[in-house]
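First, one chain by itself in structure tokens, the form predicted on its own.
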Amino acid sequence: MNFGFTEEQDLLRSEARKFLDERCGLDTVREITEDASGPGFSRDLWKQIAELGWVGLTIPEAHGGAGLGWVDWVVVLEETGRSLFPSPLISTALAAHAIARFGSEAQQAAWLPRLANGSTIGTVAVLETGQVPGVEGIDLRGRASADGLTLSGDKTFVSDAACADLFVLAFRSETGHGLALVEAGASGLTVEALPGIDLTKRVGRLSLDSVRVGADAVLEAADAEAVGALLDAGAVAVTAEATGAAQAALSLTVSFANDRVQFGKPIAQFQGVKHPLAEMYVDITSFQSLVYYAAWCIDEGHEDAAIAAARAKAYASDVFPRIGIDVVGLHGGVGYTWEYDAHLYLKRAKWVRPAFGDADWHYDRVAQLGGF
């Protein structure tokens, strides 16, 4: 079996990298994210990547998307991670993924074209304040009403909450779990932007006080298993971006180590520098291969999808923060300055660690799903 990328995927990677290098280098990333009055991303760049098909990459062609798979999307996410590209790309694509997989034909027709062309920004709201990030930790209540549900509770760590037009919320009801669509501005819905360590990744909190949701806004095929699958999809997506970010951090450090001369030699020649760099490379390629397999499992509907996602996210959440710390340390004093870019990758690593479940939770899942 050939596990390499196709020529089309290699071309997609090349074009994505070219676009991001030309339009959104790290200087531009800083300008966008440090603008306190802005949304945390460029509306103009968002429109451009929507026109390029990135937003609707995995949305079926019948609904305005490109109809490609998760392996193709991973190619793009690695490049957005490499550039620390600030955008609601993952949030919107995950919302579309939930609707495409668990929504009715009417729900798909109503929302997928708008998500694909970028005119609607979506996000998913699954996590809450409890210690359990999975389905068991969902306490947002959905109580049956005459024409649908009434939702009450809170959601935290909601990516791009402040700029989202549509929320896909996981809830618990008397009959089980489900997913509901709630539009921004709904009566009883309060959206609060929260401070975060990584300015390229905006997060927020949702408070729902008896928010009424019609029966046509509840994803008809969503249950506890669907909520779990959405969590896994989110874990794979953020790990794919982490792969690109970690590669860029390593490249930045290797370049610095080759240029920095101490005692008459580039510091890259010293064991105390080159050994940590080699360990970073091994760790990155390890969780990179795991995320590739997890993306393939999602595409194929393979029974290993859940455990593959857990492996990839657990490994990345474990080693990427350590890589970020080492990257800053290996740069010496300059690595601690605001003007140098090393700290941007450390902050991304800190953001990735708890997103869609931290290392401990996913390692436990690997053990449970593996029968231990």
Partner chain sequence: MDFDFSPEDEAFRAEVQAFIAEHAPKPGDDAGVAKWHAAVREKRWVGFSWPSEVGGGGGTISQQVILKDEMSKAKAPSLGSCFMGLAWVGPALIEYGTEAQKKRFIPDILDGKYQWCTGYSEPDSGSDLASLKCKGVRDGDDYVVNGQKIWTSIAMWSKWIILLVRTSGDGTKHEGITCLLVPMDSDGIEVRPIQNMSGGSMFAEVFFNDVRVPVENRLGSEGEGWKVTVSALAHERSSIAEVTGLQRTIGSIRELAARCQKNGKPASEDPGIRRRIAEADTKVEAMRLNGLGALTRQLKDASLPGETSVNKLHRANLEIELGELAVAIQGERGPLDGAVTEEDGKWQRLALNWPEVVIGGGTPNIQRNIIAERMLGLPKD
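Residue numbers count along the first chain shown, from 1. If you're wondering where the values come from, they're calculated on a predicted model, not measured in any experiment.
Below: the form predicted together with the partner chain, not depicted.
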{"property": "Partner contact for residue 111 in the predicted bound form: the partner chain, 4.5 angstroms, heavy atom", "result": "no"}
{"property": "Contact flag, residue 318 vs the partner chain in the predicted bound form, heavy atom cut 4.5 Å", "result": "yes"}
{"property": "Residue 21, heavy atom within 4.5 angstroms of the partner chain in the predicted bound form", "result": "no"}
{"property": "Partner proximity in the predicted bound form: residue 194 to the partner chain, non-hydrogen atom cutoff 4.5 Å", "result": "no"}
{"property": "One residue of 220, 279, 139, 147 in contact with the partner chain, assessed in the predicted bound form (non-hydrogen atom, 4.5 angstroms)", "result": "279"}
{"property": "Heavy atom within 4.5 Å of the partner chain in the predicted bound form - residue from 135, 250, 162, 184", "result": "250"}
{"property": "Residue stretch of 116-124, 206-214, 254-262, 172-180 approaching the partner chain in the predicted bound form, non-hydrogen atom distance within 4.5 Å", "result": "254-262"}
{"property": "Partner contacts in the predicted bound form for 276-294 (non-hydrogen atom within 4.5 angstroms of the partner chain)", "result": "277, 278, 279, 281, 282, 285, 286, 289, 290, 292, 293"}
